[in-house]
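Only one chain comes next, encoded as structure tokens, the form predicted alone.
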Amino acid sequence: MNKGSKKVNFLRNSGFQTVTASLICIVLGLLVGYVVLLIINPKGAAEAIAAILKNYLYYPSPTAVMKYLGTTLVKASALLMCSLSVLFAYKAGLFNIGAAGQYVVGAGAALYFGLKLHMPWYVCIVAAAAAAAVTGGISGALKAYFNVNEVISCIMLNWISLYCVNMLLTRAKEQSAPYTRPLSSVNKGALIPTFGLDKIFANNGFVTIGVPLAIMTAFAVWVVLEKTKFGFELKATGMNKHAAQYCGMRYRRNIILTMMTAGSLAGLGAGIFYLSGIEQWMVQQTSVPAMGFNGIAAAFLGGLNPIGTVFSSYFIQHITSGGSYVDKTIYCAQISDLISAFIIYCCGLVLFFKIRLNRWLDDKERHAAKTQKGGGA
């Protein structure tokens, strides 16, 4: 095999194409965001985009850097679980836009078990995953037996979940505030243990074993999808449910199990986040948390690969958190969300990039074959 063919084979590698396309999306998103910053106020645009990219590196103190790095990792771990939820369903041909609602249900179950039932953290986190799995299973059953589009049923369940959780957690809120009572004062046993990770991140008590647990879950999802019979059946059902049924696969069961698994992943993310004690739930909120929707961006930016989503989830959360360091007298903190939105739209170019690159490689190979044939003649 000559050097030219090795180069072509390398360019055809799916991993290389995905990483290259994702990097192009990131660069385009940042460029568009920078242009928007220039339009708003050209004087502070360079400082603003630098602050977004620096995030916790904005601080000169190493202690502060480690502390806020830990906070970013906690949020990124929850985002990673939501992106895995979207990815898992997508591999089976389903679009789980209901990850946001499943995340809400997981948060409600975790906090209710911790604040009202005074359960330990491992019971709370199992309850979060189980409740969210049931929520996802509802959309799966509607799809499997009544052919109800999962996007429609998930969107409806997002809002049903939000208001049901608000009502449930009203029983666990503080008397003088719309927030749930802190776990640290009600039930410390419901807080996920740190096992020394808080010391590494400058006594940031929010950094728990939930962070490595999320990363290990990403690897487990990759194993299930790529190395097991169950994963093969799920992907086969997603490609063609009729062919899967003809081959003896129980496609209805696979659809329901897929949505239940996707729901449990989102619920697990909520449990990891809220059982760290980093935030309290506001029972009067009227909008679904953005974590589930950002999971869609992270899943596609990661090339729909469980390992890729680990890095894409961190990047999305990194720039989202970086928006808080923008000069508020000139720009709003949501400018980082705008940049994330541009990156999401650019993610649509990933498939286009792969198609165009493969076509170019095909043309190059045909041209090389013709040249070789003509030289041989």
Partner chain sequence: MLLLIQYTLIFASVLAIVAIGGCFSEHGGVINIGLEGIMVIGALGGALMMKFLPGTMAATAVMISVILASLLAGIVFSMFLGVAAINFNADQTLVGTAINLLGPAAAVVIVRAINTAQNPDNVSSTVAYGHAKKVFIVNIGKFEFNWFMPLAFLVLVCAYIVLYKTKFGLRLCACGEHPQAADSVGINVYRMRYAGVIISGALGGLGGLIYITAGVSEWKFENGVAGFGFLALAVMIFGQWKPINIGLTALLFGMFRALSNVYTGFDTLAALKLPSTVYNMLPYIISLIVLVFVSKKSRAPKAEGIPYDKGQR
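Keep in mind it's a predicted model, so treat the numbers as computed, not measured. Numbering follows the first chain given and starts at 1.
Below, we turn to the form predicted together with the partner chain, even though it does not appear here.
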In this chain shown alone, the residue from Leu183, Ala127, Ala172, Ile97 with a heavy atom within 4.5 Å of the partner chain in the predicted complex is Ile97
Pick from Leu28, Ala341, Leu57, Ala46: which has a non-hydrogen atom within 4.5 Å of the partner chain in the predicted complex?
-> Ala341
Verify the contact flag for Tyr90: yes if a non-hydrogen atom of it lies within 4.5 Å of a non-hydrogen atom of the partner chain in the predicted complex, no if not.
-> yes
Would Leu117 sit within 4.5 Å of the partner chain in the predicted complex, counting heavy atoms only?
-> no
Are any of the heavy atoms in Val123 no more than 4.5 Å from a heavy atom of the partner chain in the predicted complex?
-> no
For Leu191, is any heavy atom within 4.5 Å of the partner chain in the predicted complex, or not?
-> no
With the partner absent here, would Ser14, Ile24 and Phe315 each sit within 4.5 Å of the partner chain in the predicted complex, counting heavy atoms only?
-> no
Heavy atom contact within 4.5 Å of the partner chain in the predicted complex, the stretch among 36-44, 49-57, 315-323, 65-73 = 36-44
Determine the residues of 162-187 with a heavy atom within 4.5 Å of the partner chain in the predicted complex and present them in sequence order; the list may be empty.
-> Tyr163, Cys164, Met167
